[in-house]
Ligand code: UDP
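The data below hold one chain only, encoded as structure tokens and taken in the form predicted alone.
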């Protein structure tokens, strides 16, 4: 049995949705490690909640998300930083654990890596390159401690110039997702509603095709959302809400297709495998994680990045995709057991050094 301490993202409480896919990954890995008999405690900002998980809540000011800042932004911690407080707690209790696992995409945890001497600090790099300071500290950590750093995908790692990276991928709890063979007549879009996710492209495609678009996720940037409504007053779209996994899959499974339209390199795209598990084909820009996950013309379509025309053409061909092939792809490659096996192997590799 391993004693594991997971340190969450400092941009928002767990279950708030602000942390995006990293919240999803942390929860799934915590549950799988617990199922395997390991001890798992999670350090997270106050007001966090995860079912069946022991959380140490830490107070303090939240960190600004890295993707919302400019590439040349300086390293900054607010007064009474929750990030600083979380890692001060980890420093004090490090001798009680076999391994600390960092999920935060922030400069401080990577910088602190060599200063934790009682147990190693492993890192999941949860996004692609978004700032010069993060690029530098991630590359420095990979150079000094290559065994301690993992990525979601090789495509993501290459945004830092890393040609051969250790990659964990991602996974879902497959029994939670019901296969739907006969969809309703609508498209789905799931994610944080923020400019880097380019929701407006999906709305534009819905307007051209006339197929309704249902939007799910955290409404993070209200001004951006209001601008979309102003720019597309006649498009058939609606914001449905931010839901738990159980609620989301009931809507997602009935969609004809999931649209993924990020402007940036998506590290993986957890919602993509959630959709596949429901039998829903995915139409995604050919950048980032979807390139490694989607089987073009078999489980969906990869289209030219930032091309609304490409989205429309793919939507018009969506009935050529076998929904059972989508479900089979999720079952084969993205089960929690498979992710748990990869994670355990990596942890043991770290501890045997």
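Residue numbers count along the first chain shown, from 1. All of these numbers come straight from a predicted model, not from anything done at the bench.
Keep in mind the form predicted in complex with the ligand is missing from the figure; the text below concerns it.
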Site check 178, 279 and 334: each within 4.5 Å of the ligand in the predicted complex by heavy atom
no
Based on heavy atom distances of 4.5 Å or less, which listed stretch (107-115, 188-196, 153-161, 227-235) is in contact with the ligand in the predicted complex?
188-196
is_contact(residue 101, the ligand) in the predicted complex, heavy atom dist at most 4.5 Å
no
Is residue 12 near the ligand? Define near as a heavy atom within 4.5 Å, in the predicted complex.
no
Interface membership of residue 87, the ligand in the predicted complex, 4.5 Å heavy atom rule:
no
Can you tell me if residue 269 lies within 4.5 angstroms of the ligand in the predicted complex, counting non-hydrogen atoms only?
yes
The one residue among 130, 124, 248, 257 placing a heavy atom within 4.5 Å of the ligand in the predicted complex is 248
Of 208-243, which residues get within 4.5 Å of the ligand in the predicted complex if you count heavy atoms?
216, 217, 241, 242, 243
